[in-house]
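Next up: just one chain, as structure tokens, the form predicted on its own.
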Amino acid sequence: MGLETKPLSTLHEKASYDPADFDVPTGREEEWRFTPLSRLKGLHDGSAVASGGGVAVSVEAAPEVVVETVGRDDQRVGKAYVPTDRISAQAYAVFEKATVVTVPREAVASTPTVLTFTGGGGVAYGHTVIKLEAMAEAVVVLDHRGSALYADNVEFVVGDGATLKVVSLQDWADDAVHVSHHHAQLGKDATFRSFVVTLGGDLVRLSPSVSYTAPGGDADLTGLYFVDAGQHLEHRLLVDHSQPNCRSNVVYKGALQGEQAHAVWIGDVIIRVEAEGTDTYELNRNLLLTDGARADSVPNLEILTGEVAGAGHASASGRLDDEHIFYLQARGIPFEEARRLVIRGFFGQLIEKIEVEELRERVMAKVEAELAG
């Protein structure tokens, strides 16, 4: 399939399955200027060749769900999403097997379906399709662990009236590099709830995007990240409103500590001419816990119609509130404990939204461990 051009947004100008349609990034491009290319270890220029000990995928599925491992020629693969950058196209061009999870029409999954991606230290490329047929409901967990140099694409196809809740946990080893694109395609009156938790890895660049194929789609994108010394954690979101009377809400929060801890959050929302009645909001907050940490936060809202129900964005990065700390210390709480309480409060409302109790506890324990460290 040839190159598709999308001139309305400069950050998402083209889409193609062929890596050759994208220039090799130099770091001067707007979409790559925050990413340390040398730490991608060849994922961006085609020199990272898939090797043994890549990434093993295991699935613990709800009884109502169908799980298949398919080849590149399966008609469901690549149907909802066309890659929009070179690494995404590279991953699409060279993956060998895809995991397809299907929730049949009107089925309500009784337990979460958990996909575990375990890195074995090598280079790997992957593809996953999560497909909910009309009126189906499911909770899906994507759990990433181990060590790898990994690029992949994930397609979420949410049918008419269906509800999909996803938790994606990036809990990689310290040396892992992960570049991933998550694309959700929403049908009529479909509901999509995404919760991204990024804690591990040397470099993680995750690009969640949403598109609508009919009116009534409703998307919530929530994210939490904790960046340690030397880590680069980057989240680049795109919500493309091209249908009337759809909704989106984005809330991402991060904490950073240590020398050269670097977080990047890019939030792009496009409301096209035909998307009257859109209601959208995006929020990013960063808590800088030490000197030497850096957060780049760039919300972009592009409105091409005057008929919107609501549209807005907010972004802020700052230090712990001294007044909050002082208030707690005045009541006899030691400084370190007061600090932990304030950070717990910063993340608390988000963590409560995680659908799976064991994951909620695991994430909270990880945050506590980061604070103790």
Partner chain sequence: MSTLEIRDLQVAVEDKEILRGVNLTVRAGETHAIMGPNGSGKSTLAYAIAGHPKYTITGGQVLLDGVDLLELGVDERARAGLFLAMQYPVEVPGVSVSNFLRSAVTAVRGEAPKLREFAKDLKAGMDALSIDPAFAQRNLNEGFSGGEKKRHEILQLELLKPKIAVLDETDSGLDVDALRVVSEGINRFRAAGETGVLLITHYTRILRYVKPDFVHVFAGGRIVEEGGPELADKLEAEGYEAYTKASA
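Bear in mind that the values here come from a model prediction, so they are computed numbers and not experimental data. Numbering follows the first chain given and starts at 1.
Just so you know, the form predicted in complex with its partner chain exists too; it's not on screen, but the next bit is about it.
Of the heavy atoms in P334, some are within 4.5 Å of its partner chain in the predicted complex. In the predicted complex, its partner chain lies farther than 4.5 Å from every heavy atom of V49. By the criterion of a heavy atom within 4.5 Å, V65 is excluded from the residues contacting its partner chain in the predicted complex.
None of the heavy atoms of L320 is located within 4.5 Å of its partner chain in the predicted complex. When you look in the predicted complex, the only residue of R39, R33, H313, H324 with a non-hydrogen atom within 4.5 Å of its partner chain is H324. The partner is absent here; in the predicted complex, the one residue of T305, S58, Q329, T69 having a heavy atom within 4.5 Å of its partner chain is Q329. Here the chain stands by itself, but in the predicted complex one stretch of 341-349, 305-313, 39-47, 22-30, 341-349, has heavy atoms within 4.5 Å of its partner chain.
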